[in-house]
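Alright, here's a single protein chain in two forms, structure 1 and structure 2, each given by itself as structure tokens.
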Structure 1
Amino acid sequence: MSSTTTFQLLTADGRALKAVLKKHKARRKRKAFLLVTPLLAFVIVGFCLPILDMLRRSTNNHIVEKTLPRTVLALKEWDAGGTTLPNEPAFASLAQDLVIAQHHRRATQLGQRLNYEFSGLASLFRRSGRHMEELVNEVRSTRGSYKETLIAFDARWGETDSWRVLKRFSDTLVADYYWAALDMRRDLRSNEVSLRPSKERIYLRLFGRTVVISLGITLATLLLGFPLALWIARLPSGQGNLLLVMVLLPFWTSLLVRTTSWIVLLQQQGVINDLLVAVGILSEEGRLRMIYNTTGTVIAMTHILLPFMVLPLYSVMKTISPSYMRAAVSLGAHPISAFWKVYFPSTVPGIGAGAIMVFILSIGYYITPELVGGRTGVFISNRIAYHISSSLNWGLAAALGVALLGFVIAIYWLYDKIVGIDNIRLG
């Protein structure tokens, strides 16, 4: 007969050591969580909530249902694919809803929303809202027809397309902002989605231009930043730190000041053109146009984003031992061959980190393209800002923002599959 005895380690005061360690570990986790709580709150408030609000705005369509509740119910049985107008109750419901909407000052707002989908509805709702109470009183006093009265007041109420827009956008969630963001549209009658004609495509061209220019900026910063980072990494610490401070100097200058400085330098009567004319390289009539176009955007943004390429490269290059190159050369390799086969592969993590940072930052840039981009150097972010501040089409702006965010995530995923995020190093 055998018996098994379990021994339990105890602390000096007689408590189980395992339980004490577990309790201590939990307490440390709580303290660590409390330390990161301010940062977590900032991320939620400054990043997660705006994205969720953007998603909501890009699909939200409560305005039709809230402003015209009776009309929405009356149109449920109407066949929008046919050629006949809705019946008399639908016109009566519309008249009653518009009277109430005008009292609450929502008729014009509804017209502006629907005008994004079908041109002319803004003026129709604005005009109808102002006179609808008079029209309703007229119908009630003469016991006439709402349908005939509204069509006589404005012939657009006799067009089926106006009613099709009302019926389509009576849903609370719609994807039409996303179709518009991708230069697509839904047919009012068949509901089929198709690509807009080539001359009407705006956003796909802007997305393409944004990607191409951002890739050009990333390549330019790499070509300029790699030799600069290599030089700084090979200098003695004192001289290297001085050059590193000079690289960081743009961070201490306002972005607006740096951008306007490039306007002074690049314009046709600017410093660079004056210098080229003075030394005889250019004639007075042959001054270069380097501003308010793609060239100006690339030059200004390359200067602004160059530190984001240099710093990761420098931090990685600083960790590469010079003995690697010396060993390769001592074994018979040519210095150039040794550089490409030994030194350069070691810098790939820094190249990856710098490239992904510069590319993602440049895609979302707004101020610099707005000031120096002109007509051909603006990004999709400038169009988003236009819809937020000028056209007030927040739904389309949100859809464009979501599309841009999705594209960035797709680029990040593709980069992870091809290169691997684990290969990115900042030092």
Structure 2
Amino acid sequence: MSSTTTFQLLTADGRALKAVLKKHKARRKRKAFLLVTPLLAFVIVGFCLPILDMLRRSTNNHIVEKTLPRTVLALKEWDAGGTTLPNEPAFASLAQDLVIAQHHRRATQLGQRLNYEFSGLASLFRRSGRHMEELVNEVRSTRGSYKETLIAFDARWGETDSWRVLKRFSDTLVADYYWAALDMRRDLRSNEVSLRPSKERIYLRLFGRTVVISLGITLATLLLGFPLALWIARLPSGQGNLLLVMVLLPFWTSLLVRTTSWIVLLQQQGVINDLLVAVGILSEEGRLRMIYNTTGTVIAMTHILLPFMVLPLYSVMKTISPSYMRAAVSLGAHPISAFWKVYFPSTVPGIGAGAIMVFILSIGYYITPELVGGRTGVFISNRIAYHISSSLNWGLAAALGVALLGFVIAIYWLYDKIVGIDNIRLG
């Protein structure tokens, strides 16, 4: 017999206990998994897949290859860095491709897409598409050259830049949406990426504004929410709960109703201005512009996001025993200094949780800035929506979305580095 006997525990019917337990555990796990399956499916379909799709769209570029397959092939040999135009076969392929594209009504679409990269191409493609069939017939009947005919038809076909765009976007995977989203551009000839001149920067400025306004909103909710949470946390729990319900009350009314009621209040012919004029504080001409600008966005969003600040603050404050303050005061600290040195630091996890929540929510906010932001109070999300529903530049919209997502993740990471994410307490 070996000196080290390992005991094997057995169940009543003689099976190894360990294996039975393992089996049992596995069954429990399967059951638990079944319970969360619907949610998991929902999250995958409603959250993960759209994000993946967004990532795909932000780099995906099949339109040139699909619309102008022969041209793409013909341009393979052409050196886009040089100064010569592509050769005759390339022109011929383009003509052929465009006839077919026009037939399927895709030439204009392609032009629009390429116009994002190089303005003027939309009209070039629209015109060329419309007339290509005639041009092809003309070349065929005169046995002329496609190159000459096309350049004669529109001088832009004689510019190397037009062709460079075509060649560049023959690639099916491009980063150009990202360059655009970050206000950069890639030189057509040298392929060098550079920042646009400051006057042309739209998105960086919009990102900047979004961040600054969001920070402002976060600060405003903190300034308003902190004393409120402090007060509620100190009330006896019955009254405290009632007040908490009142803090949550805004959640029970539609976001649209809340936002439009701010319009009613704040607009130039609105309640507040009327009142101030009636009392004589403002003259009729001096009515304040409090909406359709940054002010409007900040006011309305502060109101809407306030509960997200108050709730974590409250739940953290509720757990801070009054004996800390008492201890500090009994040790000789003036109540005010005791508050700052002892009470306030204990609320930091709540401030962190509230601030990060409000900030991240507001940085992607859409409806309220759309309704009350006017021109100066709109966010990056409004631009994304514009590209999705109006300009139909989904690739750019996706790139902007990914940039926003990356920014939020960066904030999150930074917060974790500095404060520690497990410091966040929601209750």
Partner chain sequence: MSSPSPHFVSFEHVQKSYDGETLVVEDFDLAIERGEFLTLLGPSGSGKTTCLLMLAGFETPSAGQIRLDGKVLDNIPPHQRDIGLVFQNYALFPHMTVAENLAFPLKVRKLDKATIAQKVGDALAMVRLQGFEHRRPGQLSGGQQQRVAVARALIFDPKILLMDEPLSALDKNLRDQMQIEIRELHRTLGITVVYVTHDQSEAMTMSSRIVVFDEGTVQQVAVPSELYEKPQNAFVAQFVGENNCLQGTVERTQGKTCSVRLTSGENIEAENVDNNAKGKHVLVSLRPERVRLAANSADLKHCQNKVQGKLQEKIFLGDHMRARFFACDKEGFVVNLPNKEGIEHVKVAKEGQDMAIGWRTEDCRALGLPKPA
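Rigid core here is just the name for the largest C-alpha set that superposes within 1.5 Å across the two forms. Structure 1 provides the reference sequence; residues are numbered from 1 along it. Keep in mind that this is a model prediction, so the values were computed, not measured.
- It is structure 2 that shows the chain in the form predicted together with its partner chain.
- A displacement of less than 2 angstroms separates the C-alpha positions of Arg205 between structure 1 and structure 2, with the rigid core held in common.
- Ile151: CA moves less than 2 Å between structure 1 and structure 2 after rigid-core fitting.
- Superposition on the rigid core between structure 1 and structure 2 places the CA atom of Asp274 2 Å or more away from its counterpart.
- Structural comparison between structure 1 and structure 2 after rigid-core fitting shows the C-alpha of Leu288 displaced 2.3 Å.
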